[in-house]
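Only one chain is shown below, in structure tokens, and it's the form predicted on its own.
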Amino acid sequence: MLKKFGLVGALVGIVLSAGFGVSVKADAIEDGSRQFIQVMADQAIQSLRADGLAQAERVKRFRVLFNDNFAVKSIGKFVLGRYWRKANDDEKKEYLSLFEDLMVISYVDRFGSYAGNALKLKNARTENKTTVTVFSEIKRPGGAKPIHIDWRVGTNGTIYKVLDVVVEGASMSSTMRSDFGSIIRQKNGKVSGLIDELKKKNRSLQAEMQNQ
């Protein structure tokens, strides 16, 4: 069975597979990355937290937000790891579709709730010429300790995409990579075994959502 993933929906310590060749100043991409994360959080609040919004519409809106702001294919490839090269073209296509469904269904509610809980952006740090980490925290009521969230952002100075989300030091992508690898090993090294488990997990999550 797939393990229950971390707090935030979606995501991954990788460099975009296409790569970026544009050189931009560190302070410029740091400011741009912070603005990108802030705008994404604002969009989540506006689109996912509207009163009376049907769950099916929330899922639809989050799918758009997820695909617009996250490097979905690159994340999915990273999570599959070395097994990506072993998968055939049909398996890759089906896996990426199921991976997107899993992320969207798993995190639509948590991401909307999370975005509305006083996200405070802090500093940003350039990791290399295409990658920036944006540090943030979520304030919690009652004087509870804030939750620290690090956003790994890939950029060429114009386009920005989330590559990973690290919650209290735990990378979502690394957790999923470990889980997926464990499942594949249990299925005799076959990606088709993971695909079957993802289908089961998605059906279970959809049933839970319908019963809410």
Partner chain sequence: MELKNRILSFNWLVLLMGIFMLASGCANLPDPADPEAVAVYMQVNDPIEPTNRSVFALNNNLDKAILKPVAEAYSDSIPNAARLGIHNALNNLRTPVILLNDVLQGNLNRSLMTFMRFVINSTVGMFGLVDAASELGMARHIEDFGQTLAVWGVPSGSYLMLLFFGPSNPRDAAGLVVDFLTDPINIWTSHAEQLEISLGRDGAHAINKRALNLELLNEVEKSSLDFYAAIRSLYKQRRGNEISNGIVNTLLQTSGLTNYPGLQELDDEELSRRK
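Nothing here was measured: the structure is a model prediction, and the numbers come from that model. Numbering follows the first chain given and starts at 1.
The discussion below concerns the form predicted together with the partner chain, not included here.
Proximity to the partner chain in the predicted bound form holds for all of Thr155, Lys161 and Ser178, with the criterion being a heavy atom within 4.5 Å. Contact annotation for Ser173: at least one heavy atom lies within 4.5 Å of the partner chain in the predicted bound form. Contact annotation: Val191 falls outside 4.5 Å of the partner chain in the predicted bound form, judged by heavy atom distances. Contact annotation for Gly169: at least one heavy atom lies within 4.5 Å of the partner chain in the predicted bound form. The shortest heavy atom separation between Asn88 and the partner chain in the predicted bound form exceeds 4.5 Å. With the partner omitted here, the residue from Glu57, Asp27, Asp42, Asp68 that has a non-hydrogen atom within 4.5 angstroms of the partner chain in the predicted bound form is Asp68.
Contacts to the partner chain in the predicted bound form (heavy atom within 4.5 Å) from stretch 184-211: Arg185, Gln186, Leu194, Glu197, Leu198, Lys201, Leu205, Glu208.
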